Each structure stands twice: as C-alpha cells, then as structure tokens.
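Read on for two forms of one protein chain; each stands alone as structure tokens, with the labels structure 1 and structure 2.
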Structure 1
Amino acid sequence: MALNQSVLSVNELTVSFRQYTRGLRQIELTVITGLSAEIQPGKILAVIGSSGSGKSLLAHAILGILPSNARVTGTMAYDGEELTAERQVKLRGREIAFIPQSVNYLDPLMKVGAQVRASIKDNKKEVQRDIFARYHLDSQVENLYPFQLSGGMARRVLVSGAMVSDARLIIADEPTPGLHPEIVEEALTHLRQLADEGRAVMLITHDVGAVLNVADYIAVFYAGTTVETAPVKDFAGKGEALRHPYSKALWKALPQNDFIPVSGFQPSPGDLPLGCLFSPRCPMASRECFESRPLERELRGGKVRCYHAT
C-alpha cells in the first residue's frame, strides 16, 4: 500500500457541521474524525459500516459536494497531487464517477434517458442505449420519468449513469440494495471488470457478505472513522485474522457466522467519547483507551486504529 501509487488517498480527514441550536448557540457536529483511506488502480476497496458511520459523507467529501455548512480538515490527494476544491470541480464527472445512494438523486421532472446522457460526452444516444441494455433496461425506459420506474429500475439507471464515463475512480454508494440478485451480480461483476481494466473502485455498502467475492480490501467504518483496513482474505473463519475488536464483532454478527449482534450503540456525532471512539462498547478497553484516541498503524498487512490490537 505504497502511498505514491494510490489513485486516491485520504489522510486524517475530519468533517464537521456547524449548527445552531435553540438560543442561537453554535455547535459543531463532528461526523468524520481523523479518517484515512487509500485506493490503488485495479483494486476495489469496499467500505462497510453501520448506518450513520459516515460512509456517504466520505464519498461527498471526496467529490467536494458537501453542504456549505460543512467544515473539512485533513488532506486528500488524487494521483499523488493535493485534491483541492478546484481540482474536485475539474475531476468530477470526468476522472471520478459517482453512483449515489438513493433514487432521490434523479430529477423527478426529467426523462431518465436524458439524465444519463447528460453525463456522456457529446450526449451520445448510442452509448446510453448500450449501457441501458447492459443493465436490462428496455429501450422505452429512456423516455420515462423517475416516478414511472420501479425502485430497482431507478437504481439501475443510477448505476448506468456512472458506468458511461471512462473515469479512473468510481465511487459507488450502496449501488445494490433492492436489486434482483441477478442484477446485483451483474453490477458487481461490471465493477470488477472496470477495476481489472485498471480503474480504482470505492464500493460503499452495509453488506459485507455481498462484496467478499469482488473486493480486494475492506475498510471498516465506525462513528466516522476507519477502525480497520484489511485485505478481503482476512474476513474468513471466526475473524481471527481481523485486527480491531469492532471488525471482529461485526464479522461475528453476520447471520452466516455466530449471528450475535454487537451490544450497545454507535455514539452520535454530537456526543463522541473523549478516547477511542469504540471504547464505550469495547470489551478490551483499558485506561488509556478512555483517555486518548489511538492513531492508525500498520499491522500484519493491514491498518488498525487500536492500542491493543495484535
């Protein structure tokens, strides 16, 4: 995981929202805390984490489409060069393709074919038709409005919209829920193909099981940070090869494993613990865990953010 060959690397990213509470008191909600991640060409990095762990916000931060009350610190680099706001504007849609999380990302008053063509160079109709055919969307679908599509069709339209570009980095925010297993397979295989052609893919999902066959690395998110990044082969057996107590617990919680849910709740952005973000729920927590936050370190070919991981 040498830094110089990454397409994208994110270093100590922190995102907070300025908000006004009653009585006009200004508070800062920290939704991403000291997050680091990187993706190499030809690889798929799966990002997993429970709802509210900051997965979508990371995607939005990379693209530079956070709302205006967001404050971002830390650095991001694309192709080894700093990813500034101006570069984000230049790169998105050209070098970086994005598949959004929900079907609300379609304009309700615009035919879906036209929406997909908007992201194709020269607006070419054939390109859009080919990609629709690939995702089993009938030729007449291009003339429909979003409300006339089923949820699954709308999602396939969203996926098509990103697959038409020849971007070098693809960020897919939960592209598959609600889709027919066959289509999920198709979409994931397509992502794998794109990666094999040399692109880098960031695949955000709730579902570890679904990505085990396609991902190269998995980053585990918790309360707005990456607690562990590990090669996909470590997600096996009883999770012995995993490094962080949360990843282990998450792995064991899967139905195909022990199916024991992790007890307790993820802290809310306005109320983060002083020490390790996982400390209130961690069975291995010691005094230092409550006092300061562990930094990310390399361990056995992966990365972990825990004092006691071995």
Structure 2
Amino acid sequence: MALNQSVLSVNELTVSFRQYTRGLRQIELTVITGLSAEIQPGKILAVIGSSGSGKSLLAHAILGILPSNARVTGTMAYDGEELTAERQVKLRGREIAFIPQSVNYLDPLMKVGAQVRASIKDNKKEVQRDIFARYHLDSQVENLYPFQLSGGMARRVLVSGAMVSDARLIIADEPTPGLHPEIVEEALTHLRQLADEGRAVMLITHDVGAVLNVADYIAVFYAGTTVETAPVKDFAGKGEALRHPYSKALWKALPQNDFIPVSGFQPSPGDLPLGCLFSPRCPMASRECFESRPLERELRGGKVRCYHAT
C-alpha cells in the first residue's frame, strides 16, 4: 500500500431497494445518495447522524451484506483496488472486522469463547481469555451460548471478537449502547490504540460527544449522504469552525452546548427534496438550494456539500 493511501475509499455511493406497493407496482426507494468517505491507516473516522441517515447501511454496503433487493452504484475501493463482491467475501472477517449493532450476529449454536477464538491466529485460548478479562467477562462466560448471555455481555463478546482480529479495517456500528460507562471508555480507548498501531477504524454512532476524545475526523450524515467531513478539532466552542448548517445545528443541539433542537424533520427516503437534502430546514437556503444538490467540495481542511459554506 502506498504511503498515506486510504485503506477504504467510498465515492458517490448510492444504495436503493426494489419494493412492491399495493397492486404489485414496483418502486425503487433510494436510501443512500451520492455518499463519499475515506479512511486512512492510523485514523478513526467517526460517522454521526440521526436514526435513518444511512450510517448502518453504509457499513453493510462496504461488507457486502445488503439484502438481495438492494441496488448499489458508485465505487468502493479497499487498499487501492475495487471492492468487488468477490473481494468483500474474501476480506470480510479477515481484513475487515465488523462490530455489529445487533447481538443477533452471534452464532446461536456455538459457544461464545469459540466464536471469539475463530478470529485469533495464535495462542487462541490465552488471547481470548485476556480480552474477556479486559471487558469484564468472567472466565466461565467462554463456555456459554449466546442465549445464556445478557444483552450487555453479548455486546462485549462482539466487541472482543473484533478487537483480537488482525483486521486492517474495523467497522464498529454503535458498539457501546447499553454498556457500563467504564466499559464504553475501555472500548473506545481500545479502538484508539488499534488505530495508533496503524489500523483504520470507522466508528458509527449517534453520540458525537462520545467520540470527541478518540476520533481524528467526523463525518456528518443526513438523509443518506455526507454533508460534511471535518477534523475533530472543529467540533468545539459554538461550532464556528464547522462548515455545514446541519453540522452546526447538530452541535448546538447537544445538552452541553446550547441545547437548541434542530427545527423540522429529516426527510424519508421516499420523499427526498429535489435540491439540497437539508434545504427545507435550512435558514440559509436560497433558490439554487431548492433546485439542485450541491457537490462535495474541499473547504478549510474538510469537505462539505453546501452552496453557502465559507
């Protein structure tokens, strides 16, 4: 891999689903539109946005685990080469590790210790027991089946499996909900350590406050696309360094900031505006914002989709 080359590059990704309405009329529902993102080795890209913004679907598209009625356009590259369906199968679970949002990803017929050991190359039992101890899982847990675990224990097992792999890219989809704050801090610190060792990490979350101390960049999702990608240092103060109106509004909505809610609602995939996806809620919207969608452009060390960003 060339110096500074992205481990993962996603360019103008669009994901839609074929569905049937009443009368068996087929429609295509677009849920991700022209989305772009990249992650370099040694970096953590935090992906934030409200529910339904496309965060988890991006992870599933990268891994190649979308349902059969999905249609994907745009390009994805891993290590500088196109990420084809064949490569996704080959890399998934090996070069690309996944911490899923749902604990249902655990194999119900396999003891959880054995599931974690499947990700380890050498000293399997020793490494598995060390990682379980790090995440406060008692020694007897390795001999349990998933149905015997609490929700928090199952989530810690999922985190453990990804952390001990030799994957160069780790995609963590909301890995910490329901965990004790001490475990949350441990998991995030561990991801930071792996990035410092040269791994690339995509950390998907709805909680921007939780990732400020570990992320290098933050990508803000809205209605199925990236509206801004900025260095983590820009998420500070009153958000003056941020570029997109939605990013600024999201920042000001946090309880530790102004606690001002963002007015309006995120559009549903079946009712997207013709122009900028945020235009119906944006106080800066002009005529061109309603007529066409802005392209992503570089601005002040970040990237933004907005005609008025300066």
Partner chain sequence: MQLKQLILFILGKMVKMFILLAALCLLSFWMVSNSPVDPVQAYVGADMMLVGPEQLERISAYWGVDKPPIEQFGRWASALLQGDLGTSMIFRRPVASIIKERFFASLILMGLAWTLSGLVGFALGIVAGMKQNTWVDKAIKSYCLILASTPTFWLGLILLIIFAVWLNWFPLGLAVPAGVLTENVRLIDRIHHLILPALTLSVLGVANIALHTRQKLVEVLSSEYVLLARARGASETEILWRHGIRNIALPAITLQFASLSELFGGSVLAETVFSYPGLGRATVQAGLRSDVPLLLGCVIFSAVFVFSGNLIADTVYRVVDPRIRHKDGAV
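Predicted model only: the values in this text are computed from it and were never measured. Here, a residue number simply tells you its place in the sequence of structure 1, counted from 1. What we label the rigid core is the largest C-alpha set whose atoms superpose within 1.5 Å from one form to the other.
A.B. asks: May I ask which of the two structures is the form predicted together with its partner chain?
C.D. replies: Of the two forms shown, it is structure 1 that corresponds to the form predicted together with its partner chain, while structure 2 does not.
A.B. asks: Against the rigid core, is the Cα displacement of Val208 between structure 1 and structure 2 at least 2 Å?
C.D. replies: False for Val208: its C-alpha shift is below 2 Å.
A.B. asks: Superposing on the rigid core, does the Cα of Pro146 end up 2 Å or more away between structure 1 and structure 2?
C.D. replies: Indeed, Pro146 is displaced by 2 Å or more.
A.B. asks: For Leu194, is the CA shift between structure 1 and structure 2 at least 2 Å following rigid-core superposition?
C.D. replies: No, Leu194 moves less than 2 Å.
A.B. asks: Core superposed, what is the CA shift for Lys111 between structure 1 and structure 2, in angstrom?
C.D. replies: Its C-alpha position differs by 2.9 Å.
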